[in-house]
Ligand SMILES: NC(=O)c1ccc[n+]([C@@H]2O[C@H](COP(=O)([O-])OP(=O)(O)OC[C@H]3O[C@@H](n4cnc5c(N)ncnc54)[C@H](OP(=O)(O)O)[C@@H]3O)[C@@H](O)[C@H]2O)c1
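Quick heads-up: it's one chain on its own, the form predicted on its own, in structure tokens.
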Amino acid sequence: MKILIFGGTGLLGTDIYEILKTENQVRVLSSADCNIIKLENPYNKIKIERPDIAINCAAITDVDKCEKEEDNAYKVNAIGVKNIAIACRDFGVKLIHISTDYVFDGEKREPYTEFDKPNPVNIYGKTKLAGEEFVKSILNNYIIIRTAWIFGKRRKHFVDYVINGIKNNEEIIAVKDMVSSPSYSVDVAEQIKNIVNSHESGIFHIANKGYCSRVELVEEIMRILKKTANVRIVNQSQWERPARRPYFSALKNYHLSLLGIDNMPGWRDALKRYIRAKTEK
């Protein structure tokens, strides 16, 4: 199968490439290779490559940056997605688009399923939801994947922030009123591989099972490393960031489970495997 990955050099895109390349012909595009905010760029790439499937991992994922640079966030996370979807429509390509738990407002207080109504509370979530809506309105053959609190080897994230803080004996700030499903990019990519090899379509949540607060995540990292740290526990109002986060945005892989293909491990197991892989280098 021929697969083209937009944003393929990022955290999730890198693992998707590594997992899919053994059985498929995979081409990776970075943001430098293809600026998706201009229609002709993804259009020409798809016209030339003629993939069977396009996977879009391209996005501005810095939540606070989106809040401060709203226009740019909409250009990439919404208009860029629209442009890829138009190209996929015109050349008969299936699109797998990566979205986020932040399309939800966090008021449910139990894990969100694919059948819950989105209601984002920040610009990042609003732009990602707009991208989803473009995909659904333009294409018939698509899969939208929502994941949460991604950690992996490609770039820095909260888990690395905590590990480095413990290592360097630095203060770690943990927000207690932020709860979601920490997800290992390798596990998400493996589940995406299963979907790529299927004829499925629609919206799917792909996250490691279970959920925790940022405080509980820090505690689990300390337990795995068998070390303690200087942790300052705050709530969002004390944290003082430009963008509000949903209080509870954990995801349930309900669509996968209904089909009997939910192979995602629990978040604690995923975290332990990531830390082991990171510390054994």
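Note that residue numbering begins at 1 and tracks the sequence as displayed. Only a predicted model underlies this, so the values are computations on that prediction, with no experimental measurement involved.
Beyond what is shown, the protein has a form predicted together with this ligand; the following relates to that form.
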* Asked: Is there a non-hydrogen atom of Ile37 within 4.5 angstroms of a non-hydrogen atom of this ligand in the model of the complex?
  -> yes
* Flag Ala207 as yes or no: does it have a non-hydrogen atom within 4.5 angstroms of any non-hydrogen atom of this ligand in the model of the complex? => no
* Would Val76 count as touching this ligand in the model of the complex under a 4.5 Å heavy atom rule? -> yes
* To do: With heavy atoms only and a cut-off of 4.5 Å, decide whether Trp149 touches this ligand in the model of the complex.
  => yes
* Among 26-34, 47-55, 220-228, 240-248, which stretch sits within 4.5 Å of this ligand in the model of the complex, heavy atoms only? -> 26-34
* To do: Would you mind picking the one in Leu20, Leu11, Leu271, Met264 that has a heavy atom within 4.5 Å of this ligand in the model of the complex?
  => Leu11
* Those residues of 41-70 which, in the model of the complex, come within 4.5 Å of this ligand by heavy atom -> Cys57, Ala58, Ala59, Ile60, Thr61
